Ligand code: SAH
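Let's start with one chain on its own, the form predicted alone, as structure tokens.
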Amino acid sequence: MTDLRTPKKGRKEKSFYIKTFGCQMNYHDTERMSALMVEQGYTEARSAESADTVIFNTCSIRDKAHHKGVSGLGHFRRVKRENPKIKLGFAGCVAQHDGERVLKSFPFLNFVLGTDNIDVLPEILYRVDQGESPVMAVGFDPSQDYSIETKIIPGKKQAFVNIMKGCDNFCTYCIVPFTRGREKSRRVEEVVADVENLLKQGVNEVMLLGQNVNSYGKSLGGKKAGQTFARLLRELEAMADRLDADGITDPEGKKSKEGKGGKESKPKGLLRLRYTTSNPKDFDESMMEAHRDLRRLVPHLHLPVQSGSPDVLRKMKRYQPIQTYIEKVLRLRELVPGIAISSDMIVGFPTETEADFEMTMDLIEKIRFEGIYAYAYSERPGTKAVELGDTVPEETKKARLHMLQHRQGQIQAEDNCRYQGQVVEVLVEGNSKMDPNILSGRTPHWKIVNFSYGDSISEPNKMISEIAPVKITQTSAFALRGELIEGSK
């Protein structure tokens, strides 16, 4: 068995770049890999071409993301020829599922890293530095326990926190159980301590991650053992309240503490708590009550439904009756008026008829989601849905997807009009992708807001990760436009 050896700190500085595809679980994995590399003395490069080490962190849940990750390697065949010293890594779900096949197609890769092997990245880099190549690490952790410490790059105000990994649902279209393994949860006590440490480092928004957070704790004994998602949310709020009360954190940003360079502001604590993603069958009354009672838990829920057709849902092995889904949404809106609900939809699933699709269209009229992520079905090798055949023609899939997205866009445009003239709280994330002279962020309801700040803010980058009051001056289907309230910082 190979010794786990870590590169010594103090070596010549090297740089890295990670290209990420897919879901928020992948972005969390990228954040963890980045933090591990920074610990090893690497710095983050601005582009792949300027880095010493490049990692493609891939996703296989959708065909498009899968091919993007693999096709990106084609470009680096030439880069590797021109610069043989560059280290190229291939990580994520495609690496986990197709690692050996990828190596055969791209033998210039230095390492392949599966989803359950993120923490051995320092060892992998050391082995490559010593001349061993390619190195493959794609096995699953056979232990029943799941215990980690969240790692972030110093200075970050937002953090993804894995509370569980894997999935036990085996939906027929989904490859996650094969690329992420079976379900394992971290203990409530460990997650709370982990988040507390992040808050003391200055993090103020936390996103809890799991393939199905509502089934969190089942591997630890569930309700009988006090390991449930609703309890975890309440314990996190109680911990954050305690830090505020003890003066360790200061949400108003008015207090300061003595630091090495004199007085410095205290961390603001937990301003917003989010989570993703949920399976409707496990979303129960205790979760609804958590949304009602907890002030730090944002008024937004992503609750994937996938289809409005009972027949399609049965073939997907999504066992939540559509009427029960609707009843849960209505009950939640009764307890938490104004809560934003978003969802995932798949059109063109094998055997989907026009009548089935019309049921999905009817569902979005009934629910009026704040947003949906809609996709045309694509076969994923190894899933049960492949046995049904890809029966819906591509032209029909595209037409249905366009129809669904078009109507959903109309719903969002109609509903977003209510924000006109309102002042909303925006957690600033950075410059707008469309205009570097304006800032962009999100409301508690997950609405994107692009806003101008006038001449009152001389250093707009200092507003990143701050919560800013913004008056909405323009609305559209997918984003809001506004102006920073004068006098705010």
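Quick note: we count residues from 1 along the sequence shown, nothing fancier. Computed from a predicted structure; not experimentally measured.
Below, we refer to the form predicted in complex with S-adenosyl-L-homocysteine, which is not included among the displayed structures.
J.: Hey, with S-adenosyl-L-homocysteine in the predicted complex, do I346, Y377 and R380 all fall inside the 4.5 Å heavy atom range?
T.: Spot residues vs S-adenosyl-L-homocysteine: full contact, yes.
J.: Do Q211 and S-adenosyl-L-homocysteine come within 4.5 Å of each other in the predicted complex, heavy atoms counted?
T.: Contact check for Q211: yes, within 4.5 Å of S-adenosyl-L-homocysteine in the predicted complex.
J.: Does Y173 make contact with S-adenosyl-L-homocysteine in the predicted complex, using a 4.5 Å heavy atom cut-off?
T.: Y173: contacts S-adenosyl-L-homocysteine in the predicted complex.
J.: Can you tell me if T396 lies within 4.5 angstroms of S-adenosyl-L-homocysteine in the predicted complex, counting non-hydrogen atoms only?
T.: No, T396 is distant from the partner.
J.: Hey, in the predicted complex, does P304 get a heavy atom within 4.5 angstroms of S-adenosyl-L-homocysteine?
T.: Within the cut-off, so yes.
J.: Can you pick the stretch from 105-113, 216-224, 173-181, 360-368 whose heavy atoms fall within 4.5 Å of S-adenosyl-L-homocysteine in the predicted complex?
T.: Comparing against S-adenosyl-L-homocysteine in the predicted complex, the contact stretch is 173-181.
J.: Have a look at V428, I61, A48, V70 for me and say which one sits with a heavy atom within 4.5 Å of S-adenosyl-L-homocysteine in the predicted complex.
T.: It is I61.
J.: Sort through T391, Q320, T277, S133 and report the residue having a heavy atom within 4.5 Å of S-adenosyl-L-homocysteine in the predicted complex.
T.: By the 4.5 Å criterion, the partner-contacting residue is T277.
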